[in-house]
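Shown here is one chain on its own, the form predicted alone, set out as structure tokens.
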Amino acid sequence: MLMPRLLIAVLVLMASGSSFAQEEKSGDSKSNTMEIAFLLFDNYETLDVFGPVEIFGRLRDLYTLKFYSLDGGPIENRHGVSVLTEKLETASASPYMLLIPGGMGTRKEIDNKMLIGQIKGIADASSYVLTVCTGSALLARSGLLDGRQATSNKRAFSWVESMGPNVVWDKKARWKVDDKYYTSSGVSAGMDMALGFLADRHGIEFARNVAFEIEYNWMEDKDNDSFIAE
């Protein structure tokens, strides 16, 4: 009777070890999520950031969201929304995505050579770069959009256009895609672009399901914005 009991004990231990290994493997998979680096600066536009945050943040098994600024610390916008950020120089050497919002703060940051330099370095190393609203002006200033198609906030289009004279600006698009660069029109268009990005990576039904979960009427046509620059 001793041998069968011993055999049973060994089998139980083996099963437990196998279960533990599966749990460890599952835990490791969570650490393999792709980093989305959100760049913040004073007076960023609220929805430019938190619209995409809501969309990508729901997919915790795929993406990890981090917030950065040039010097780190709390960054506040004109709505009084403050976010604690890490120093931009500490961002991953090659994040999956860099997302640059717009807002009135871009008018000041456009002349911040240190910030533009870091944007260029991180954007160049990222797998994808997304800009919302006038965030495209900051990316254009880096030179990375030269010769590429892009769009921006239609009410600030002339100003943005002047920041990137070598960019092929589209006055009609809701969002544009040129290689790894995604640029969107103003504010809420960032959500449409984020869903468009998910559709490109994971399929249209996947993106539609995310839109349904947040009860959002997704404007799926990237080429036609109801807000058109003159």
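Keep in mind that this is a model prediction, so the values were computed, not measured. Residue indices: 1-based, along the sequence shown.
Another form, the form predicted in complex with a further copy of the same chain, is not on view; read the next lines as being about it.
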In the predicted bound form, Phe206 touching a further copy of the same chain (heavy atom, 4.5 Å): no
Hey, in the predicted bound form, is Leu84 touching a further copy of the same chain, heavy atoms inside 4.5 Å? yes
Exercise: Ala189 in contact with a further copy of the same chain in the predicted bound form, heavy atom 4.5 Å: yes
In the predicted bound form, does Gly117 come within 4.5 Å of a further copy of the same chain, counting heavy atoms only? no
Taking 4.5 angstroms as the heavy atom distance cut-off, pick the stretch from 119 to 127, 135 to 143, 90 to 98, 148 to 156 that is near a further copy of the same chain in the predicted bound form. 148 to 156
Heavy atom distance at most 4.5 Å to a further copy of the same chain in the predicted bound form, all of Glu54, Ala211 and Asp225: yes
Residues in 48 to 87 that come within 4.5 Å of a further copy of the same chain in the predicted bound form by at least one heavy atom, in order, are Phe50, Gly51, Val53, Glu54, Gly57, Arg58, Arg60, Leu65, Phe67, Pro74, Arg78, His79, Gly80, Val81, Ser82, Val83, Leu84
